[in-house]
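As structure tokens, one chain now follows by itself in the form predicted alone.
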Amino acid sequence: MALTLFEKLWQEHLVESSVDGDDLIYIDRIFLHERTGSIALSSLAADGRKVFYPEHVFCVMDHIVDTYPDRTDDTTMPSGRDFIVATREGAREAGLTLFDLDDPRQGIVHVVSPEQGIAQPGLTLVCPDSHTCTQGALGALAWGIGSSEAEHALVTKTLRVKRPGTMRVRFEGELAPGVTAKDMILHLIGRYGAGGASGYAMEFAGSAVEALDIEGRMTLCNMAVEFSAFTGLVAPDSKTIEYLRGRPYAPQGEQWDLAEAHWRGLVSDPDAVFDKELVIDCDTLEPQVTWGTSPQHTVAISGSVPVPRDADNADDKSSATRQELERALQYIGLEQGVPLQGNAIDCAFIGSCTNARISDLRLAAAILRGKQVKKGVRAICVPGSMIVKAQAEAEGLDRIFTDAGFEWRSSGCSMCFYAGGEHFGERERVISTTNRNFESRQGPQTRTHLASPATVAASAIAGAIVDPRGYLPEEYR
């Protein structure tokens, strides 16, 4: 019987099926962070339960830590120190691997896991964080869970899960210079709505996906959850194998040879049938920017802010209603029907688990080299991990950012979400490489526009939302 990649991974990890339709799935790896992981670890300790296999559990400080160079356990997040201390003590007591604040490997969980080789093709991996699906870019079956589910996985190495359907999105054609994986996924969500993959495990395929590097594929999979998918996957190939070769937690010696042979077989069978398929033509794809308060509020950079009354006559009633569009426009403070380009910004942010890897910083730096951030614009760059930060500094990228007028930070989830810590100002307009533009996501009443690192860098220079293609240096054209 022909199987999709997801079906193969599910079948390999199926422990038992129940009469009510749920499956018991074996969990290979568990990742925790201090904001939710501390809750799971504290609860286990209170109940007198032990982590079943500590060697397969990893923990990182990332969500509520400050990203200033001289940071300590004290943070701007209310009760932040308590979370950090509780996680540190819980991880040490349980014998877990901890990437602490002073660890040179520290970083955002979904950046650390792949770069350390913890996420691998064919493994199941869970974390109490919605963007765990990022790691599907390596062919891992990875998804976000809650703190109570994390407790169950820590003690039993299993989870009870309702099996999703299968979906394939094929991105065909060739991306033009200045168009990136972030533009691909924003276009997909904008075209089919934020609920377009609800109930499905989604595989990304097609010539444009094959052409992406692994970090670009991570950007795609990172935002699968913004399309309401259970997870996102890319079948492993030679790029995947070379990415993992020699990483600290990757197999070594004979184990590597065995793993590689297995990984190369982790593909959907040619005649496998998906429950749903979509095809996107990338030949004419433009840079994308969100205009509203959901990732589905996306238009091409040459487009205009929508007119809400047009939603009444739309063929696809599954996307935003007229009332939803009117509310989003009121919040974001843009005039309907006007071009998106040219709207002035207050801030520019490059960071998060979506777009803060070394390739993202290289692209942004190439645009910023020799340029200046527009006077009055606050610009911040937060590398995705301390390893990314060190690599960028070894290449001199940090000097390009700072010479242009960006703040250069240490790694963390800083400024990606607002929960009482550091944030952008009230009603400030921010162009950002993050994955969510919900109301008050980056600060109280802050207005966020999602875009690629190229678009953010170019907009920082212009002081307004602009097409990055006019700012690309010759080597990127």
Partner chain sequence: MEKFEQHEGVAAPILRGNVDTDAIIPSREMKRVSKLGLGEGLFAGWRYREIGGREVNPDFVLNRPEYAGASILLSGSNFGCGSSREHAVWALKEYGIRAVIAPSFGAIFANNCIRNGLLPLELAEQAIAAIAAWVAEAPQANQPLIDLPGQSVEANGQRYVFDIEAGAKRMLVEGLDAIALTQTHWPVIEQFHEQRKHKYPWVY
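Here the structure is a predicted model, which means the values were calculated and not measured. Numbering follows the first chain given and starts at 1.
There is another form of this protein, the form predicted in complex with the partner chain, and it is not shown here; the text below is about that form.
With the partner left out here, the partner chain still marks one of 385 to 393, 128 to 136, 234 to 242, 172 to 180 in the predicted bound form; by a 4.5 Å heavy atom cut-off that stretch is 128 to 136. Within this chain, residue 38 lines the site of the partner chain in the predicted bound form, having a heavy atom no more than 4.5 Å away. Among heavy atoms of residue 79, some come within 4.5 Å of the partner chain in the predicted bound form. In the predicted bound form, the partner chain lies within 4.5 Å of some heavy atom of residue 255. Mapping the unseen interface onto this chain, residue 408 falls outside it, with no heavy atom inside 4.5 Å of the partner chain in the predicted bound form. Between the options 97, 116, 359, 158, the residue in contact with the partner chain in the predicted bound form by a heavy atom within 4.5 angstroms is 158.
When the partner chain is considered in the predicted bound form, only one residue from 277, 346, 149, 93 comes within 4.5 Å through any heavy atom, namely 149.
Looking at the partner chain in the predicted bound form, residues 26, 259 and 263 each place a heavy atom within 4.5 Å of it. Contacts between stretch 357 to 386 and the partner chain, counted in the predicted bound form as any heavy atom lying within 4.5 Å, involve no residue at all.
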